[in-house]
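A single chain, nothing else alongside it, follows as structure tokens in the form predicted on its own.
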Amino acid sequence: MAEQGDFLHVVTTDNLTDRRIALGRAMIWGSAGFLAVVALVQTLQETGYADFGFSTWRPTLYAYVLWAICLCWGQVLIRGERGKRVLFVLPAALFVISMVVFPLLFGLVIAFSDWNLSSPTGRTFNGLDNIRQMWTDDFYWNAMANMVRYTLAIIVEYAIAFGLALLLNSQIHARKFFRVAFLMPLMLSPVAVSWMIGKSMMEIRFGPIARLARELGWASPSFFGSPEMARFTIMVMDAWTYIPFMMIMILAGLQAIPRDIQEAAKVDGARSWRGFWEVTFPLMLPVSITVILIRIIFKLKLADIIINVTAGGPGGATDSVTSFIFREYRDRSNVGYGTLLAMVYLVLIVIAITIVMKLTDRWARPRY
């Protein structure tokens, strides 16, 4: 039985007076306005446009908590019993706003600031200077072009992974052993791959791969000497690490194809290549699109192998955008410019992924 004063167990749907609804709306809009004013004052003070403000962002945090409370209480006053559902959403909403929205807004403020950790002047607002620097930064655009090259390499990775999945899905000898063996690169950290393959096996003087190349006639097997060769080697190492991931996903898709469909295709004359192209491949399109999308997301974060093996060299030729931003933070302590690049990169990724998902939505629908 509901007790007097028990807020959550009091049904108030029939007691929604105009005065009560007005009070609820006043609480919501008043607290939102107060939060906006506090955040605006603090932003103006931080960017140097106002001499008054607070020494820390703590008042903004208090205003945010007050707004969250008023929002929930106001919903209860306006909607009665139905408004109490907001209380169950409150923890998730506070978490998302605190962990996603606030860091993004703070990152946006830093992106338009001159903030070098080695400078004694601290953080100062510099308007569009970071954008102008990005626009004329040849190394950044080279890193962006590299990202396009690295991402296009996924097409080759997908073809190899599909071939391996078909092989492991057939009745070959020691199939289980090969499935485990092909998965081993995926179990290694990219950092370990960098040192094991890039730093030791491909070492120009004593590395076994370099020695083998020398035996085959390559006089000076430098896998990282020229920009083109270094980029190709980075692609190979990254592909060696992640092709097993694509393979295992495609293999799972192949095993999920109903046997009766394949048998019916064989009866109709669709065997070998024709059966693959007209039956297996269309049925695998939803899995293929998913695998490629996930791989694109992995590829867009490519940094660890590059940082450990080439450090972006020679002359920044192998830099990805992520490794370039990382070195901007670590080597140059340039937080403001690095944050702007990260924000721009985030926007480009969201736009690109949205376009790809839109274009592939029709293909990804199951066709059986």
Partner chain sequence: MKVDLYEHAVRVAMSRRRLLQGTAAVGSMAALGGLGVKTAAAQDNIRAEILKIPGVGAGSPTDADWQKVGELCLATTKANVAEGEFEGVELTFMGLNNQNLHNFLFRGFLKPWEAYTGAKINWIDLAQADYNARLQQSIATGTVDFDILEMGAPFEGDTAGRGLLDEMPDWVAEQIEADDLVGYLKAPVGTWDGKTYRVTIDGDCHTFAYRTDYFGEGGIGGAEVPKTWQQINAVTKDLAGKTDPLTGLPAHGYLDPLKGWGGFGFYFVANRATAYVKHPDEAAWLFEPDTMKPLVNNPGWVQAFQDVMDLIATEGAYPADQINADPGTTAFSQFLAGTGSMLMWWGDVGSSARTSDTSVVGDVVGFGINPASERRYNWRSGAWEEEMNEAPSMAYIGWGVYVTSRVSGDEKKRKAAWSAAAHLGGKDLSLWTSAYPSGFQPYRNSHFNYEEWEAAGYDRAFVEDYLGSNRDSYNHPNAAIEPRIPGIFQYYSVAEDELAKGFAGQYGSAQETADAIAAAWEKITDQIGRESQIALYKASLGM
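Residue numbers count along the first chain shown, from 1. Remember, predicted model here, so these are calculated numbers, not experimental data.
The same protein has a further form, the form predicted in complex with its partner chain, not shown here; the description that follows concerns it.
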Exercise. Specify the contacting stretch among 295-303, 33-41, 63-71, 329-337, defined as having any heavy atom within 4.5 Å of its partner chain in the predicted complex.
Key: 329-337
Quiz item: Would residue 139 count as touching its partner chain in the predicted complex under a 4.5 Å heavy atom rule?
Solution: yes
Exercise. Spell out, yes or no, whether the shortest heavy atom distance between residue 107 and its partner chain in the predicted complex is within 4.5 Å.
Key: no
Quiz item: Is residue 205 a contact residue for its partner chain in the predicted complex, using a 4.5 Å heavy atom cut-off?
Solution: yes
Quiz prompt | Partner contact for residue 255 in the predicted complex: its partner chain, 4.5 angstroms, heavy atom | solution = no
Self-check item: Selected contact from 163, 127, 282, 225, since only one has a non-hydrogen atom within 4.5 angstroms of its partner chain in the predicted complex
Solution: 225
Practice problem: Go through 209, 117, 94, 167 and name the one with a heavy atom inside 4.5 Å of its partner chain in the predicted complex. | Solution: 117
